[in-house]
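Presented below, as structure tokens, is a lone chain in the form predicted on its own.
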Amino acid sequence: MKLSADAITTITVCNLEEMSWEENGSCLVVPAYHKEFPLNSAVLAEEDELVLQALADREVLTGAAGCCYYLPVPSRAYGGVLVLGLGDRDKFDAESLRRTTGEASSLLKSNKISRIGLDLVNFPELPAPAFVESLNLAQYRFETYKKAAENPAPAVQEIALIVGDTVDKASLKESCDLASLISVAANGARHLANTASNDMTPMALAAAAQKIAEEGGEQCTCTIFDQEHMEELGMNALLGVARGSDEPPFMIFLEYTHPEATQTVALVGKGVTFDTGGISLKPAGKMNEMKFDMCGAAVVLATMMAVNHLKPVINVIGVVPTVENMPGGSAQTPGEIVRACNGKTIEVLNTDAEGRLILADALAYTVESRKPDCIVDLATLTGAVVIALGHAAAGVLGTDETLISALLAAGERTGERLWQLPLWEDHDKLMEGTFADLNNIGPDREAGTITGAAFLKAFTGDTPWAHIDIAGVSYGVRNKAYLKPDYASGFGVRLLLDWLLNQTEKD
């Protein structure tokens, strides 16, 4: 898996007297709460402080959330000052810092800044890991198919955190290094998702999984089921979706094990590398975005890559069912009835409700063969979740409130918010079939996100399970400056890793 070339390479933590500046490309970053002037900086020269105060007096500089100002000062060792607007002190949190840092990244790029010193001496409360994480995400660019620019602006290559004497520098560096690794993993998921569908095929996802396992060493193994093996296992729900494509389908298992682990979690990601809708063909408008229908798979693979590096004391299984959904001559037709690997029959009323079909076999087989303590799936499953929640949050549903509560908390910590929707027996009944055990769609325009989850629930048995519908947050996110809306967001990587690491800490 290729990672972003714009990842921050070095993070240092130092006291004021230990700080040194490079001759070119350096910048001092000074935080500022709204209307709290003069600037509370331990590094800023008095003359520069007077200039910035004059700008504050004219309300050019306010410290409002997301408002940043860059002052070139070539006569100083630090070369320039970037004032980072934090907003109101009582409303400030880690997500506020991420969004402000996202706004600041464009100023850093336009001024060709490669090394920054973040003045935290009088701001020990600032969550520096969120700053590192956001800058990594904001600097991501996908230019695989573009001719390289002749003089690209250099990305920030180093962050120096300038702290007071009482700060535990080793602990702060460790937490920032962790944030950097996790954000690079999120950028890896974005790279997979942004890749054109003619290159990012089911076979390409399988190759990426194999590479992740190789890099993970003895603690990570990769098993890939081909079509023949899936036929033997009766995975006809998945195989039916794949019939219209010339690209072969796969079921991918990445399994990380730790010798001291006492619990096992499974992560399942929908991997439809391109979704035409099949015979129930989608409208032509924006069909190009259907390369993003494998964002769940990208998130699971990137999460497993990070797990290999972090080596948490927990067993993690990453499962990716992957197909292309095409309207070829052998394509599945509406009205067909297929039998999943757990024996349940499904009437396929709409071939564009294909993600739940491939997830059905993945969930059922994983629950039966691996017997995890809990299972979480991520999928760009329904347009209905965009109607319900827009691009601000993913929907979460499931059978275990403890699991859902833990995921909700991880979402709040990482800024990858979830909103719980109900999943009642009334919704289960909406998916009962006339000619089969289940229909693959519910009543028209009725609780579409919930009925999709109700269908999946039938394949999870008694295993604690949560379903995260990421259709509204996987791409096109426009309210977060640290995520370029033209690209996939990598939503889910930071959330899942936060949740996994917190599960480890509780053991």
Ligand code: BES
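From 1 onward, residues are counted along the sequence shown. Computed from a prediction, not measured in an experiment: that's the story for all the values here.
As for the form predicted together with the named molecule, it is not shown, yet the points below apply to it.
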Requested in this report: Tell me the stretch among 348-356, 303-311, 190-198, 253-261 that has any heavy atom within 4.5 angstroms of the named molecule in the predicted bound form.
Outcome: 348-356
Report summary line: The one residue among 471, 450, 466, 29 placing a heavy atom within 4.5 Å of the named molecule in the predicted bound form is 471
Requested in this report: State the residue from 366, 382, 101, 136 whose non-hydrogen atoms include one within 4.5 Å of the named molecule in the predicted bound form.
Outcome: 382
Requested in this report: Tell me, yes or no, whether residue 119 is in contact with the named molecule in the predicted bound form, where a contact means a heavy atom of each within 4.5 Å.
Outcome: no
Query - the named molecule contact in the predicted bound form: residue 475, any heavy atom under 4.5 Å - result: yes
Query raised in the report: Does residue 370 make contact with the named molecule in the predicted bound form, using a 4.5 Å heavy atom cut-off?
Result: no
Query - Any non-hydrogen atom of residue 282 within 4.5 angstroms of the named molecule in the predicted bound form - result: yes
Query raised in the report: Counting only heavy atoms, which residues in 284-305 are within 4.5 Å of the named molecule in the predicted bound form?
Result: 290, 293
